[in-house]
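Single chain ahead, written as structure tokens, the form predicted on its own.
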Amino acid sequence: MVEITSPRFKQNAAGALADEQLQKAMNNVRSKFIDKRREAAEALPEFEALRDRAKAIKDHTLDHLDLYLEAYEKKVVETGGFVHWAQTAAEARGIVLDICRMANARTVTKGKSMITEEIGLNGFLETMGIRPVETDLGEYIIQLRGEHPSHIIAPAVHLTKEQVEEDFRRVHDHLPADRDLTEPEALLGEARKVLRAEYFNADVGITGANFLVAETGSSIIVTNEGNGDLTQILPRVHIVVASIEKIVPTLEDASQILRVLARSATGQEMSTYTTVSTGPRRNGDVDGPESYHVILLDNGRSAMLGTEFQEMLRCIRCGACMNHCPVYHSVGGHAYGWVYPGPLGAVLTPSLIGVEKGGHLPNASTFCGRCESVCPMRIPLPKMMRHWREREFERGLNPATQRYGLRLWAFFARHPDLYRAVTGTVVPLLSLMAPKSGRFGWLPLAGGWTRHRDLPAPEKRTFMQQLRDREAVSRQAAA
């Protein structure tokens, strides 16, 4: 099980800021994802129209989610598959275990899946005597380290090449000690060599799903390594674990959203592999599983329907929001303390584990709006983070000093004459007290700011005073 450390976000973030290796690795996010996404979007004239269309498709689906889920289940059964419904993470883990035991599984291969991270599947299977093997390169690396992903599309983005080499030499001790692992290609080749045998040894393959198609009963995954295909077609049993909002009505709808997914995630026109699976192997098929199971997980999603957080269920897990988030760039994904980092985690985590545990995360935002501006599904992430801040305040979960400070601010905001009188006195006084540099290195009640940066001294007159002066000059000029 993944330990939830979201309540310790401030301590996690402080540790991340002091981690030199992490800060070096996070430069890759700043330098690679942002430019590629912009170039891919600019190269497609209809990109903004596709975003509108993708949003409309998901909004329609969420408004009729029960009907599409029933239609999907019917199609899966018609094609020879099985659908299992799970209300909680524990139920989903139990269903996976039952299927594995029916197959007498000892080893399972896994494609990259955030939903299996959410339910803590790997640790659970290990305690039950079943060995899970992650086949995505990034997931494989962090599995060797006993970590969880720090990014939803690049799980090992927090690591440097030197750290990966060290882990491979530590774990792959059956390989020659003098082999050259200094280049990324060598690391990739070694991982491929080690994992190739696992595909053929596995009794069960487990994947997530980027989309579930109600029209055909299909599951769709997008990958760049081909590991997802091998995980699905080589074992005797294929298990798809997906949350209920992954449903889309038709294959045409899925193709529309796919056109914005890869461009937003990695700057590609399309991912290298887009794999559609529909049921088990049929007569005449040259490969594929003998048995096909889909586990549909709720785990708090249905409680978001009809609320101010329903729009979060449009998320297609592209990672664009975190790729552009200055807070994520500074602290990485592990600081967020659970499966989902960045702006999407700041909204989704409190929704799934409660504001009591995840309430710090919506505060980890500059509200610059970059996340919403690049989201292919136009999810208003800052607005929803504000809603969580409101709930945190209503329940008294903020520090007392913050609550009293906000109440004091609200009092002055409701009494504008008093506000102007106080600011008209304090602002000139601070201006007179300012050092020659024009910046304060320390001020009472401002330690949270000045511990990390200087506070610019205010002008001699408040904004309202300056505005009145300008208006007076304008009136005189007009007269």
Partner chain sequence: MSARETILRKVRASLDAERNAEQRAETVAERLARAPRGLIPARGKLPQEERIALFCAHLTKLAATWRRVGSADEVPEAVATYLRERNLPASFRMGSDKRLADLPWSGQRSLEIRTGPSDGTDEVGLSHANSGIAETGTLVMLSGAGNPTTINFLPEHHIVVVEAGRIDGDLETAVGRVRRRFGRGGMPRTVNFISGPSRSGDIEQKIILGAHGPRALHVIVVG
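Positions refer to the first chain, counted from 1. All figures in this text were calculated on a predicted structure; none of them were measured in a lab.
Just so it is clear, the following notes concern the form predicted together with the partner chain, a form of the same protein that is not shown.
Legend entry - Candidate site Leu44, Thr274 and Tyr292: all three near the partner chain in the model of the complex by heavy atom within 4.5 Å: Yes, because Leu44, Thr274 and Tyr292 each have a heavy atom that approaches the partner chain to within 4.5 Å in the model of the complex.
Legend entry - Contact residue in the model of the complex, from Pro362, Pro341, Gly205, Pro155 (heavy atom within 4.5 Å of the partner chain): Among Pro362, Pro341, Gly205, Pro155, a heavy atom within 4.5 Å of the partner chain in the model of the complex occurs only for Pro155.
Legend entry - Position in contact with the partner chain when the complex is considered in the model of the complex, options Leu406, Ala103, Leu175, Ala71, heavy atoms within 4.5 Å: Looking at Leu406, Ala103, Leu175, Ala71 one by one, just Ala71 meets the 4.5 Å heavy-atom criterion.
Legend entry - Answer range among 119 to 127, 147 to 155, 374 to 382, 345 to 353 for contact with the partner chain, defined in the model of the complex as heavy atoms within 4.5 Å: The contacting stretch here is 147 to 155.
Inset, instruction - Using a 4.5 Å heavy atom cut-off, state whether Arg179 contacts the partner chain in the model of the complex. - result: Because no heavy atom of Arg179 falls inside 4.5 Å of the partner chain in the model of the complex, the answer is no.
Inset, instruction - Give a yes or no for Arg263: in the model of the complex, does one of its heavy atoms lie within 4.5 Å of a heavy atom belonging to the partner chain? - result: Yes, Arg263 lies within 4.5 Å of the partner chain in the model of the complex.
Inset, instruction - Decide whether Arg439 counts as a contact residue for the partner chain in the model of the complex under a heavy atom distance cut-off of 4.5 Å. - result: No, no contact at 4.5 Å.
Inset, instruction - Give a yes or no for Glu252: in the model of the complex, does one of its heavy atoms lie within 4.5 Å of a heavy atom belonging to the partner chain? - result: Yes, Glu252 is a contact residue.
Legend entry - Partner contacts for 253 to 286, taking the partner chain in the model of the complex and a 4.5 Å heavy atom cut-off: Heavy-atom contacts within 4.5 Å come from Asp253, Ser255, Gln256, Leu258, Arg259, Arg263, Gln268, Glu269, Met270, Ser271, Thr272, Tyr273, Thr274, Thr275, Val276, Ser277, Thr278, Gly279, Pro280, Arg281, Arg282, Gly284, Asp285, Val286.
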